[in-house]
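There is one chain below, alone, in structure tokens, taken in the form predicted alone.
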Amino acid sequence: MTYGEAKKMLSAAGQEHLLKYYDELSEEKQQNLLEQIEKLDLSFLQLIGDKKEKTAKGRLEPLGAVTIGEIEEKKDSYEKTGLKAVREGKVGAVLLAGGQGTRLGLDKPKGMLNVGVTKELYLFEQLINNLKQVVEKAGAWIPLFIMTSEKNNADTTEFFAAHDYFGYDREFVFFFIQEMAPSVSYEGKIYMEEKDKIAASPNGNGGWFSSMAKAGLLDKGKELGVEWLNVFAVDNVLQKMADPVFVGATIDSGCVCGAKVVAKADPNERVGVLCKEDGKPSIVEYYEMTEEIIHSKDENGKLLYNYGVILNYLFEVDTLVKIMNQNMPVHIVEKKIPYLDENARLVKPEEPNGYKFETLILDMIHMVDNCLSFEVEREKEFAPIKNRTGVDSLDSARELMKKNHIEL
């Protein structure tokens, strides 16, 4: 993109201020800025003018789950199906690892957090250990796609290399960078974070598949024979990936998607619940549920909306390809966004000063026709590390790791 092309594009959108410092920049930085401008998706800006109250949910219905007891009865059959798919190279794993550990006091990728007590044991390392259990059982390596962000990609790739990929075959590890979305003021002006850098942030966990496609890794997956992708979050240290029982149950069910869920600890637990919306699978957030829905029970006194998601999904690749070009809902989130003021000084606001744009993986669930709800034991598979102390913290995760006989 040339300077003239950039100026024309930005002027039409009322964003010409992005070129304010262009003449002060070195040739290299000028080129860098033009490349950022070329990649800008200005369609996001229309959402601000159209900003309304959250779209109301459709008609909600409960969606039961294959329960722990039912899974146990068919475990051998499910596992046989799942292991066959893994051995044939049909299952890939996608680690969502674009975040920083700032809330945990770590100015590095969250996966670099040391979860050990008497020894070093990194979050990335434990997740790899979990995946290697399946590799050993199946006798086959599972392609692992790791989504990073512009902010943490270098740290992440260097960390894996420095630790020799924690014993995983590096030929089966593929990194890709999540796409970015611009950060804007309440008036819809895109912020600058440096004279040659547009303020932008990762476009939400719903952008994982399009980011993977743009990185050319769909072709790599196809070359390897991958038909299913198991997507999971970096912060759940007990996460089981490419779990043959889960994979087998989903395949045997004929569903194009599967979701691991846990029974709610209590009706008011703040988790997204897997249900049906207008006849299709959907995830309803706790704040979107009425008191009546939250407390509704069946004839046996069991909660109807009982199963919370843990961000561990299995998607059929062909289905993902079909929905990839559909418009996903874009969520506008108020945030504190560092920006350059009129005097080119970096300001770090203490209050929200604009919007970021995110797509969410939970919206992908509503775009598919069916989804198997697969119940797992909370204490064996759900130990998220989101806070320094208290609930869902490093301390609570360590306690659960000890219960699962993980040496710390």
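Numbering starts at 1 and runs along the sequence shown. Whichever C-alpha set is largest while still superposing within 1.5 Å between the two forms counts as the rigid core. A quick note: this is a predicted structure, and the numbers were derived from the prediction, not measured.
The same protein also exists as the form predicted together with a small molecule; that form is not shown, yet it is the one meant from here on.
Student: Decide whether G258 counts as a contact residue for the small molecule in the predicted complex under a heavy atom distance cut-off of 4.5 Å.
Tutor: Heavy-atom contact with the small molecule at 4.5 Å: absent for G258.
Student: Test of understanding: in the predicted complex, would S282 fall inside 4.5 Å of the small molecule by heavy atoms?
Tutor: Although the small molecule is absent here, S282 would stay clear of it in the predicted complex, with no heavy atoms inside 4.5 Å.
Student: Since only the chain is shown here, I'm wondering whether R103 would be in contact with the small molecule in the predicted complex (any heavy atom pair within 4.5 Å).
Tutor: The answer is yes: R103 has a heavy atom within 4.5 Å of the small molecule.
Student: Does the small molecule get within 4.5 angstroms of any non-hydrogen atom of T156 in the predicted complex?
Tutor: No, no contact at 4.5 Å.
Student: Going by heavy atoms within 4.5 Å, which of 69-77, 137-145, 312-320, 226-234 lines up against the small molecule in the predicted complex?
Tutor: Going by heavy atoms within 4.5 Å, the stretch is 226-234.
Student: Heavy atom within 4.5 Å of the small molecule in the predicted complex: which of Q126, N205, T81, S210?
Tutor: Contact residue from the list: N205.
Student: I need to confirm a contact call. Of V245, I293, L96, M112, which residue comes within 4.5 Å of the small molecule in the predicted complex, counting heavy atoms only?
Tutor: When the small molecule is considered in the predicted complex, the option within 4.5 Å is L96.
Student: Once the core is superposed between this form and the one not shown, does E334 show a C-alpha displacement of at least 2 Å?
Tutor: For E334, whose C-alpha is compared between this form and the one not shown after core superposition, the shift is 2 Å or more.
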